[in-house]
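Shown below, as structure tokens, is a lone chain in the form predicted alone; questions about how it binds or moves come after it.
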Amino acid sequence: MSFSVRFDEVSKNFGEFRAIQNASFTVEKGEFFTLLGPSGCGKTTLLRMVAGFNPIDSGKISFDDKIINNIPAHKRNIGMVFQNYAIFPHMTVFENVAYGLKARGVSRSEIDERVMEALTMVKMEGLKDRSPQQLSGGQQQRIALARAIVIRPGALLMDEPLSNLDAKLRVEMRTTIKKLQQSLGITTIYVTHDQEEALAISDRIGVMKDGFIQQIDSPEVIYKHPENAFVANFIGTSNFIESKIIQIGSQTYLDVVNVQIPISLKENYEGEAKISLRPEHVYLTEEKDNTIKGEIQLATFLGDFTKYEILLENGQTIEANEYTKDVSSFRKPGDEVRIKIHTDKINLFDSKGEVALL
């Protein structure tokens, strides 16, 4: 039976280094929750605290309503899939998957049934007698996954499980993991630095930086409405354009590269600001009025779209994607272009990039 995982003001220090700082959130029962962030942000440390491998310095972690701070790792009823698979080389596929059940004293007949059930789930039932040395990286990862789920854990913890696979296998395995998680309804906490992976498989994402949770939300909201410039920059590709918020009479304007655009903010603000604009939302137009002048510096044809690097009049360079289905010809370096800003397609932050203004 899956359980929720709740964090209440959880912190972890390594000497003077503060790895996790006052983390408070809940992973709901049956949810696929991803901790996403750059190396050293604290995501693996937080996962290891749930597993019981790192002690908790302050705060509480609870499974449902049960505080597990002082419960040993082997009594927490969690399944774990590591980056390096941790497959036992001297055991067969079957024996590897059966290991956790044997340690729990499960009967031989039940072990046979549950191991074959788990191997079938990951499409490895035909390789049960092989040794790990005879398996590909993707097959070894499937065995590690089967070994984690065969014990029927209350939560599944996954630490960069696909990082050692090639790009095609990563896509295949993340699909396998998501389908399996959905069919089992198992609470899953997944750690990765791969933004595309996180967007593809998660119910919710927690973006981390320097031990702090920056934002928790669905992949769509994280992508479309980041709460600060770090999240906007880390998730996908964003152009950041220097701008100003000015007040003329009763109207607020976004002043960007000498173009003034009426705008409504969440609260009053004037001064320097940062626009975050996705390449797919850079609109190239023939209009002259209220548009920003630029020049194509580089054009890269990528099939379904062409990626342009555009030099603006203020000296900044931005990226724009123009989709093949929408155009009859392609632009080339040296061409002048005009850019129209749609305020409903941008994110806007204060000068430090810490506060969302829209």
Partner chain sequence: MKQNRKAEMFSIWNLISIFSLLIIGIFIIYPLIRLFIKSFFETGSFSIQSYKDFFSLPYYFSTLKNSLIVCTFATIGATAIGLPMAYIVTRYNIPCKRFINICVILSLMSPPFIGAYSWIVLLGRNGFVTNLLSGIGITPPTIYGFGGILLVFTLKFYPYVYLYVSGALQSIDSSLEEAAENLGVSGLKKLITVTFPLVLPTIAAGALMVFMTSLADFGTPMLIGEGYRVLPVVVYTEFMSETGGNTSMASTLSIIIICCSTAILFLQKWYIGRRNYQMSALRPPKVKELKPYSRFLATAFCFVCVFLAMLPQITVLVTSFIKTNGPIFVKGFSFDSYLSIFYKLGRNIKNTFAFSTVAILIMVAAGMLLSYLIVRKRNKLTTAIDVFIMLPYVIPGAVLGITLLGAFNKPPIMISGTAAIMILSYVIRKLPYTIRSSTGILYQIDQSIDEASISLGVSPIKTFFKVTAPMMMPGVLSGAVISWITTINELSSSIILYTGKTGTISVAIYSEVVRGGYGTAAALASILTLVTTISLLIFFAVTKSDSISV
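All values derive from a computational prediction rather than experimental measurement. Positions refer to the first chain, counted from 1.
This next part talks about the form predicted together with the partner chain, which is not shown.
- Listed stretches are 324-332, 311-319, 50-58, 298-306; the contact stretch with the partner chain in the predicted complex is 50-58, by a heavy atom cutoff of 4.5 Å.
- Taking the partner from the other structure, the partner chain in the predicted complex has a heavy atom within 4.5 Å of a heavy atom of residue 100.
- Remark: residue 131 does not count among the residues lining the partner chain in the predicted complex, judged by a heavy atom distance of 4.5 Å or less.
- At least one heavy atom of residue 147 is located within 4.5 Å of the partner chain in the predicted complex.
- Although the partner is absent here, residue 249 is not a contact residue: none of its heavy atoms lies within 4.5 angstroms of the partner chain in the predicted complex.
- The partner is absent here; in the predicted complex, the one residue of 254, 106, 87, 191 having a heavy atom within 4.5 Å of the partner chain is 87.
- Though the partner chain is absent from this view, in the predicted complex it lies within 4.5 Å of a heavy atom of just one residue from 184, 91, 200, 221, which is 91.
- Along 60-74, a non-hydrogen atom within 4.5 Å of the partner chain in the predicted complex is carried by 69, 70, 73, 74, in order along the sequence.
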